[in-house]
Ligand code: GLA
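Only one chain is included here, represented as structure tokens and corresponding to the form predicted alone.
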Amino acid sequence: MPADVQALFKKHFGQAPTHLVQAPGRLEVLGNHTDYNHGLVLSVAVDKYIFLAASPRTDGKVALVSSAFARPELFSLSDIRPDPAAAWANYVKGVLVQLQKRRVNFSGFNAAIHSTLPMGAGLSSSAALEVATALAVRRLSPFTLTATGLGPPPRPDPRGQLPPLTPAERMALAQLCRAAENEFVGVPCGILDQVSSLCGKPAQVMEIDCAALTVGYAPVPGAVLVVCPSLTQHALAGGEYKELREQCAAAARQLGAKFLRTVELKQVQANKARLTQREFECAHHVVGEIARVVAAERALRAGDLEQFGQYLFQSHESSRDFLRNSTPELDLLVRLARHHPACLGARLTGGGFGGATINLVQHHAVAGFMAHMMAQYEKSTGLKMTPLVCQVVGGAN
């Protein structure tokens, strides 16, 4: 909460912060591993946040403190290096390095970070931290980032408030934050998470085209989004994510395409002999998933929630059987959800290999659905899981 991060800042630095920013997490509604294949994704920003409070300092250093980690981090802007002992700070450092690469002038600062995003649950706390960092620097040292470089700095109004980011500026910041995660943290992610945190709108589903870098909007389906954490490992800096990306790239090359976005399912089937088994499986999933997003958009705009929910179930089955990024716990959560009459659809969300499921649940039965999931999951695994109801909110500010 804002009050929590302000209290943390004052406790650690002995004064009140001068700036406060917040960046929401995101839920990937449909489009698993399609973003780095230049595909289509449906996503929402949700009411779980990274809050960052900051104030300038004059010695060229950055001091970070987090409510989630005991050890503070202090480093010089002239010598930014990854620190395995404070891996959480690498997301901040990576953004600062990218800002320096783009010749943004900024000085040192103190920052306190507080999160209401559960880490490792597939809600992209990492991208939210990157986005919050970029926006905090913009408040401290105003800059304008465009697709081609730096523009004239924004002018504060008489109250000292900066003008809101334009859609083009939000996309440029999303690209910067993705580069931070790719190059400094070492996760070869696509741009979904950063765009979702920056470009969300209240009560709207984002329709993200990861090739054109455009965002459209459709009304949120008339049901509740419930997240069920599997309480199992979700750390994409490992090899699994990289391996999937490499297999997709190799499949695209074999099919004569730069990205799987431009491939059709019949091409994948017709050229199966040219692909390894793993390349075929990854291509089959991604190409089919992009087609599912197109069909799901139509169902969403037509108000056909039952059909929309079926695409969620189909997506999970494809991720499980072809992409193979599910886990026994995620599969169990989807099976339990399917057995509840109020659940219209369920699937793993995010990178997979742990994390959480997203569930589309009828309004009148949310409490019953959550109680069912808690009891049955604990009965099967011994793990006490608490579902989260997610409200769809606007982007970072």
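Numbering starts at 1 and follows the sequence shown. As the structure is a prediction and not an experimental result, all values here were calculated from the model.
We do not show the form predicted together with this ligand, though everything after this point is about it.
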Practice task
Could you tell me which of 187-195, 89-97, 136-144, 310-318 sits within 4.5 Å of this ligand in the predicted bound form, going by non-hydrogen atoms?
Solution key: 187-195
Exercise for the section: Using a 4.5 Å heavy atom cut-off, state whether Phe259 contacts this ligand in the predicted bound form. Expected result: no
Handout entry: this ligand contact at Tyr241 in the predicted bound form, heavy atom, 4.5 Å
Key = yes
Problem - His33: touches this ligand in the predicted bound form, heavy atom cutoff 4.5 angstroms - result: yes
Handout entry: Interface membership of Gly351, this ligand in the predicted bound form, 4.5 Å heavy atom rule
Key = yes
Practice task
Using the arrangement in the predicted bound form, list in sequence order the residues of 7-30 with any heavy atom within 4.5 angstroms of this ligand.
Solution key: Arg26, Glu28
